[in-house]
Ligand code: PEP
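Here's a solo chain for you in structure tokens, the form predicted on its own.
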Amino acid sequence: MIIANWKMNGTSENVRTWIEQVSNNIDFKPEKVCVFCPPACYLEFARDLIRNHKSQIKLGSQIINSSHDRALTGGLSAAMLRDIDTDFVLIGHSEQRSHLREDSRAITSKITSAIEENLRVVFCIGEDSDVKKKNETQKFLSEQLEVLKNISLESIVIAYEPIWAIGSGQVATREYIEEIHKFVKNHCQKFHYSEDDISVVYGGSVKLENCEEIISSNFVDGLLIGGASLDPGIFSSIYNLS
């Protein structure tokens, strides 16, 4: 799975160009799903373009609100996302955790709401530099993973994004990524799932220059790409090389 997370970037013309070029330039593989997560205001526009191009790109939302927050001004529910044929949704991203102060209870509610509407969840976890320096990464991640304890992993893709690497230009070594991904998969097996049920993708300053090395690991099941995904040519190359 290769995911483009645009964050708060782009215009309608950028979305149009991206979908056209990516649809024409990547060699779609059934086992390597291509997911596009534009800003929420462009979701329906992107959906229509994907349909018009008969593209195999899957649509993903960067945000979702719990079904319990029905009176929330500006909210975006799972039912709304399903209504416009959204396939995936990002939940638990470090920026959402930080800026919106999302705790485990809120994240669990969002995941449950998404699954009830048959959305697939990209559940983000990751540690900051202080946690890493203290050698407490595995303890920190195990606490974040607890929200999955009673949730079917059939609808979940876990995205490991070390906070210290996001947008910083710093990239975790292949050995470090393998160690953490292996830990995540082993930890989730404690929830009575087999390793085959657990998909873990990597994000954190993924670029054209490092994508092949990262994805070559047997423990990495895909990529979550931020800034590098804005350029359709670069994203297409990363997809084709991965």
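Everything quoted here is computed from the prediction, not taken from an experiment. Start at 1 and count along the sequence shown; that's the residue number.
Quick note: we don't show the form predicted together with the named molecule, though the next part is all about it.
Practice problem: Would you mind picking the one in Ile166, Ile111, Ile158, Leu141 that has a heavy atom within 4.5 Å of the named molecule in the predicted bound form? | Solution: Flagged contact: Ile166.
Pick from Glu95, Asp128, Glu136, Asp87: which residue has any heavy atom within 4.5 angstroms of the named molecule in the predicted bound form?
Selected residue: Glu95.
Is Pro232 near the named molecule? Define near as a heavy atom within 4.5 Å, in the predicted bound form. Contact check for Pro232: no, nothing within 4.5 Å of the named molecule in the predicted bound form.
Residue-level contact is defined here as any heavy atom of the residue lying within 4.5 Å of the named molecule in the predicted bound form; does Ala46 satisfy this criterion?
Close contact is absent here: in the predicted bound form, Ala46 is far from the named molecule, nothing within 4.5 Å, heavy atoms only.
Answer with yes or no whether Pro38 is in contact with the named molecule in the predicted bound form, where contact means some heavy atom within 4.5 Å. Contact check for Pro38: no, nothing within 4.5 Å of the named molecule in the predicted bound form.
Should Ser205 be counted as a contact of the named molecule in the predicted bound form, where contact means heavy atoms within 4.5 Å? Yes - in the predicted bound form, heavy atoms of Ser205 and the named molecule come within 4.5 Å of each other.
Stretch in contact in the predicted bound form with the named molecule, which is absent here, among 205-213, 191-199, 47-55, 174-182 (heavy atoms within 4.5 Å): Heavy-atom contact with the partner occurs in 205-213.
| message | Heavy atom within 4.5 Å of the named molecule in the predicted bound form: which residues of 1-22 meet that condition, in order? | response | Asn5, Lys7 sit within 4.5 Å of the partner.
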